[in-house]
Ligand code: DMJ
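Taking the form predicted on its own, here's one chain by itself in structure tokens.
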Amino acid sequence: MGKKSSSSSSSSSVLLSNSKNKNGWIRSNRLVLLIVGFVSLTCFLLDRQSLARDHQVEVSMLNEELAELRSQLEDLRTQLKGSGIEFPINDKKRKMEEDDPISFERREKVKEAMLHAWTCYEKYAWGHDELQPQTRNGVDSFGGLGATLIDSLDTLFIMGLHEEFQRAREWVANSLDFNKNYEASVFETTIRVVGGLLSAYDLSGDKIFLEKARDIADRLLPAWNTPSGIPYNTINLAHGNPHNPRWTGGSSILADSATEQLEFIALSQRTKDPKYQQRVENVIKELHKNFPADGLLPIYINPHTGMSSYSVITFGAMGDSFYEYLLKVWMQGNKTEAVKLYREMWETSMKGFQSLVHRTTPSSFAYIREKNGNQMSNKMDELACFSPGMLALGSFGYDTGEASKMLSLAEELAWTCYNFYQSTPTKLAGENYFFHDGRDMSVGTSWNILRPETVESLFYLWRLTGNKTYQEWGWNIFQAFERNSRIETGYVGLKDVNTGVKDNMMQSFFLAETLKYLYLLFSPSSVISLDEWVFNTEAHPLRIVTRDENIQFDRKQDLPTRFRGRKEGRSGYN
């Protein structure tokens, strides 16, 4: 036992000694690792500081270079003033790119309004042209072409309502049929259906929209088979047989005959088939032959001779969009030599336009008179409220002095149009106004059918000046629509803006134009940039393409997802 005990004690001493040596070795290794780690971390941090200093120096150098480039650009602008060479519209130097919280909140409110209007259309009028909200049924105001659905495609896409857009796309692919025994307006069908389908194609790249646009355009083409090339304004979609309505006395209407250029030129560019462009450009060539010195054309044209008939000159119903398209075809063609004639004709017309502008007393509201022979009428349609936006867009093609003058006139007219709304108890505008010495303006035809022209001009003025006043005016108009026109089953117009009595029609252009322009009024300027897109008269954006440029439209456009006359309308008073 003792020996065993002695041996055990010796072994214990050895083990203890080994244990101490082992622990010391571990501690030493840990210390070495700690030192190495500390040194490595120190080196890493010093390296990061060095990189940060280098980065700061690089950023500073880049900022200096940017400042120098900006200075050179301003010098170049100064040198080129009056030379005819211009810089692209820059949406007020992109200052609106900063998406402030108020604009975001307002944009979302407009988007919710669109969703309400669309959901009600889906529920009560799917596939029909328009919804009658009070009786909860659909009506076919345009021959059963699904006008509201097609008019809404690009609005849904721009607002990021992709599920709704996809359901609409499936209807277009599987249910849209143009073989209708229906006497269609060439004008209305072009701006709503051809324009809506082409815009959906340009935005999404989905070729079903281009195929359908070509189908309906081919059905409209026989309308241009006249001795002068000035089209008839009505055609049967199934059988052809173009003609003019009896109430025009056989004449073609100016706006109806010369507001197809954007859509048909775009169709030729995308299909590589020149026939569409040729038909609509022949109209402008024919009108140019006898274009008056003041550039103002009466609303009636003889389709056999191409000559104007004695009738009213107006920037309201039946005249307006002719002048709009002169400017916009120039923009659509990227302002090149191939479209120079359009700009020249537009500038001539703007000289005549200014001769129609008059001002009231006592408030000095600028307004656009109508002319019949040598007689002036102190009447202005709300439809003519597209003109402030047109003037603002067109001002960028003038030299500095004339551009400033045109922009100032645009702002004056926009103030008048805004007061069309503010001067009524409902804060919604009537259809037209009369002007009287000493008492400014009064409502003439007192209905409101959800028209877009004033908010359209506010959108352009906001984009081109950056003045937030136009956003505030637009917001006030939107709130008036919400108070007076929104009901559980959609949106309706008013039979009388003084009493607020409602009608029973949700116009397709309310979704195509009014809500789209309001949404864009509160969106960053990169959303449908004016450098890249031009809007048709139904607010369908089409890509700007330089003439004869071979561009394929087969990619999807990435967009933020947060964020009787020109348009006849249907009163639908039931």
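These numbers come from a predicted model, not from an experiment. Note that residue numbering begins at 1 and tracks the sequence as displayed.
The form predicted in complex with the named molecule exists for this protein as well; it is not shown, and the discussion that follows is about that form.
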Inset, instruction - May I ask whether Asp154, Leu198 and Glu263 all come within 4.5 angstroms of the named molecule in the model of the complex, judged by heavy atoms? - result: no
Inset, instruction - Report the residue, out of Ala258, Val497, Leu149, Ile191, that has at least one non-hydrogen atom within 4.5 angstroms of the named molecule in the model of the complex. - result: Ile191
Inset, instruction - Quick one: from Ala392, Leu383, Cys417, Ile230, grab the residue that has a heavy atom within 4.5 Å of the named molecule in the model of the complex. - result: Leu383
Legend entry - Exercise: Phe187 in contact with the named molecule in the model of the complex, heavy atom 4.5 Å: yes
Legend entry - is_contact(Thr537, the named molecule) in the model of the complex, heavy atom dist at most 4.5 Å: yes
Legend entry - Contact flag, Glu130 vs the named molecule in the model of the complex, heavy atom cut 4.5 Å: no
Inset, instruction - Find out whether any non-hydrogen atom of Pro452 is located within 4.5 angstroms of the named molecule in the model of the complex, and reply yes or no. - result: yes
Legend entry - Among 302-310, 235-243, 393-401, 452-460, the region lying within 4.5 Å of the named molecule in the model of the complex by heavy atom distance: 452-460
